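Shown below, as structure tokens, is a lone chain in the form predicted alone; questions about how it binds or moves come after it.
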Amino acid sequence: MKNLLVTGGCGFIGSNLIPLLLESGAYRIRVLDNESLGKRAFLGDCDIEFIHGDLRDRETVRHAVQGMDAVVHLAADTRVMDSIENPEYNFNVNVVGSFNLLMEMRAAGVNRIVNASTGGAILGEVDPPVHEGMVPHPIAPYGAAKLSVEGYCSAFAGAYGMKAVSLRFSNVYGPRSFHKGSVVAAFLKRVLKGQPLTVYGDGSQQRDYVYVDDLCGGIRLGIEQDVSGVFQLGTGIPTSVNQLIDAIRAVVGRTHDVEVNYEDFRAGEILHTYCNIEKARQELGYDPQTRLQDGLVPVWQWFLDNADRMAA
């Protein structure tokens, strides 16, 4: 059985990943989270060790990595627009915090990390599909920070013999995402409240929406496969915001109206991005199965079932 540290494990992805890993019976899990977004309660009765703490606190990180076989690094300040407003905070959380983690892993002899990264924000406005061989051109501080963390993961792999996998997530959606600001969660929350959706631009901008269970399967492969490097995790399927809204309308049915307000495009946001996942297919065995229309059904049901919780 492997001892696994999950940073940011109380968040959306962590709260889906950890039950999956525990169910396999192959992992003992320790979670490090400052509970700024996710809460320990989001993990329910999962049998884990929990440390309340921040990656910027070197002593806390030192304690968290002791006795671990591997780390899944999910903790981050992830919002692009917030990073434009406050780039220093984004840098300190994402770059300094991740550097602290790598340094303490090295000191403790923990030689495997799966780092949550991003594709579109790192590569900038390039012709899709995006892939691992493209030259990065981040256009917001968040993308620059994530690129820096990828660089340090690569450097620690090259200099110190770590196995370091950086997984560039596309737009992830799924249950347990009520505290997320990502587009699917934001739209569904507004539908529940009877509020119109806000679209910045004309709705033609494209994203690659991957269901959280498929993504978590990719993370587990990153832990278990003997590889290092950068991998795109998505579906490879472009979907416009307007197509997403049509899919949401089909799922919520006649019980909820879906009105849309269109506003000006926002600076710093990518217009069109989706990914080529062939490298992940070939080297990790990654194979996402969930169509957007199918994945939205359990997500909408989860939001309906937890409407009171979200209002609290």
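Being a predicted model, the structure only gives us computed values, none of them experimental. So that there is no doubt, residue numbering starts at 1 and follows the sequence shown.
Same protein, other form: the form predicted together with a small molecule, not shown, and the subject of what follows.
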query: Heavy atom of N171 within 4.5 Å of the small molecule in the predicted bound form; finding: yes
query: Any non-hydrogen atom of D54 within 4.5 angstroms of the small molecule in the predicted bound form; finding: yes
query: Proximity of F12 to the small molecule in the predicted bound form, heavy atoms at 4.5 Å; finding: yes
query: Contact of E35 with the small molecule in the predicted bound form (heavy atom, 4.5 Å); finding: yes
query: Stretch from 125-133, 238-246, 68-76, 193-201 whose residues place a heavy atom within 4.5 Å of the small molecule in the predicted bound form; finding: 68-76
query: Contact residue in the predicted bound form, from V230, M162, I223, V93 (heavy atom within 4.5 Å of the small molecule); finding: V93
query: Answer option from L101, I113, A145, A116, heavy atom within 4.5 Å of the small molecule in the predicted bound form; finding: A116
